[in-house]
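A single chain comes next, written as structure tokens; it is the form predicted on its own.
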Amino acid sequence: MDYEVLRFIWWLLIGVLLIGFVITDGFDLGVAVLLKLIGKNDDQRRVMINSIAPHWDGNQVWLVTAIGALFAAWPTVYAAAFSSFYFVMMLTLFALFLRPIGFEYRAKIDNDAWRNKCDWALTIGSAVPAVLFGVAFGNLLQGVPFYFDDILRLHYTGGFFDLLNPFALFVGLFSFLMLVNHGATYLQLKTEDDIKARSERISTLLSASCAVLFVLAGLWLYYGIDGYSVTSIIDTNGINRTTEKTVVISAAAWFNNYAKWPWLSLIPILGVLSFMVCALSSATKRHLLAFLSSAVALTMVIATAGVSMFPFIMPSSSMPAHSLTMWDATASQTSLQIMFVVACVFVPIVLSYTAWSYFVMRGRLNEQHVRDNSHSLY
């Protein structure tokens, strides 16, 4: 397999890992955010927590795997991303620390004040990453202020508050609402009575809102955000020449791929339609269709970002020629080949045990069930 094909395969694989993380961990983040809003008493909140308890830590394996794959396949991107988004990533990490504390310690002390604090730990620990993931994508679409010096040391010229610009916060809000909606569709599948009814109403509202925000994000990107395009010839089979290309910043450049291959426009269109199907399904109590359409919408949103930026992975606003693309920021051909073989063996294994765990833990939960099993459940 030649270097060009391997590079493209790993671009696809990392995209698949990100989609897998957002679909699986997205619903447990969403459920935890909704804990105080939908759960009106301790039994209802316990139902919500136990609906995600068997899966939440396994779901985060997707994030760990995606970061590991990023480090191995795109080491330069890994270094640039962690240098540029250092404070955002540390804030995300500390927020994620709150989740296991909330899950594991909530049931250890039978005290309302203690459980209330643990509920807030779960909610905050889930809401902050949901927003910051979107903030990071919003900044990638605008370009990140970094450059390489003569010996290819990376220098980041921005600050933490520069990351919190209007467009990035808008994408952060969109990301937050998408994941909360995904959690609401999951609760429709796993709960009964009042929790299910409130989840249907919230999902109907959030799905319609996400469809509108997705369209607005596209319009803002077209009219208000300059995109990047490579104007020099890149040797897609050659060695990495990270700083030896010509990149031009121009209006609506992130839409060049849609002009070149019009069929790609189906991806964002499917994203909007999926949000609308999700809203309609939640309103008409078609719970499985609501969850599946939410998952498709998340997939289309990430695919839209990837296709719009292709071949860029991390554009540089300080020195556009130093932008990182999938053709000049990869590991060696040998490394990509070894990783590809490992992925072919272990990814099916991971998918199999994940599917098995969801099959074993199928079925709905209710308040009577958590009361009858108060010593074995969270």
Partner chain sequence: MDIVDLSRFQFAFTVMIHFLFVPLTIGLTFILAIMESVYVMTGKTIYRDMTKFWGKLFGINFALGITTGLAMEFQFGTNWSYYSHYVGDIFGAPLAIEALMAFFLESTLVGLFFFSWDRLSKEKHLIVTWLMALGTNLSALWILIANGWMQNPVGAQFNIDTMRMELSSFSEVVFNPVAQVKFVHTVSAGYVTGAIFVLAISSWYLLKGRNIAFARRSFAIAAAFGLASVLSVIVLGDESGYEVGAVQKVKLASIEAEWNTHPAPAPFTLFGLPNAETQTTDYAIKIPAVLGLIATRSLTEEVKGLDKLKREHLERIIRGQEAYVLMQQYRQGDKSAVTVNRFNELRDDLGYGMLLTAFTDDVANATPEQIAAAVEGSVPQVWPLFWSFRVMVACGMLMLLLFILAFWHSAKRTVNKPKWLLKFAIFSLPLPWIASEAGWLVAEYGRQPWAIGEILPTHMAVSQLTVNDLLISLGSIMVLYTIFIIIEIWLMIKYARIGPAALHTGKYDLEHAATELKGD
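Small disclaimer: the values here were computed from a predicted structure and weren't measured. Numbering follows the first chain given and starts at 1.
Just so it is clear, the following notes concern the form predicted together with the partner chain, a form of the same protein that is not shown.
Q: Consider the chain as shown here, without its partner, and state which of M309, L35, A331, A321 has a heavy atom within 4.5 Å of the partner chain in the predicted complex.
A: If I apply the 4.5 Å criterion carefully, the residue I get is A331.
Q: Which of T299, Q142, T76, S229 has a heavy atom within 4.5 Å of the partner chain in the predicted complex?
A: Of the candidates T299, Q142, T76, S229, T76 is the one lying within 4.5 Å of the partner chain in the predicted complex.
Q: Would you mind picking out the stretch of 134 to 142, 289 to 297, 100 to 108, 199 to 207 that comes within 4.5 angstroms of the partner chain in the predicted complex, counting non-hydrogen atoms?
A: Heavy atoms within 4.5 Å of the partner chain in the predicted complex occur in 100 to 108.
Q: Quick one: does L154 come within 4.5 Å of the partner chain in the predicted complex, counting heavy atoms only?
A: Heavy-atom contact with the partner chain at 4.5 Å: present for L154.
Q: Is M361 part of the interface with the partner chain in the predicted complex - any heavy atom within 4.5 Å?
A: Answer yes; at least one heavy atom of M361 falls within 4.5 Å of the partner chain in the predicted complex.
Q: So in the predicted complex, does any heavy atom of S317 sit within 4.5 Å of the partner chain?
A: S317: no, not in contact with the partner chain in the predicted complex.
Q: My question is simply whether Q44 lines the interface with the partner chain in the predicted complex - judged by any non-hydrogen atom within 4.5 Å.
A: Result no; Q44 lies far from the partner chain in the predicted complex.
Q: Quick one: name the residues from 36 to 57 with any non-hydrogen atom within 4.5 angstroms of the partner chain in the predicted complex.
A: Going through 36 to 57 in order - heavy atoms within 4.5 Å of the partner chain in the predicted complex - the hits are N50, A53, P54, W56, D57.
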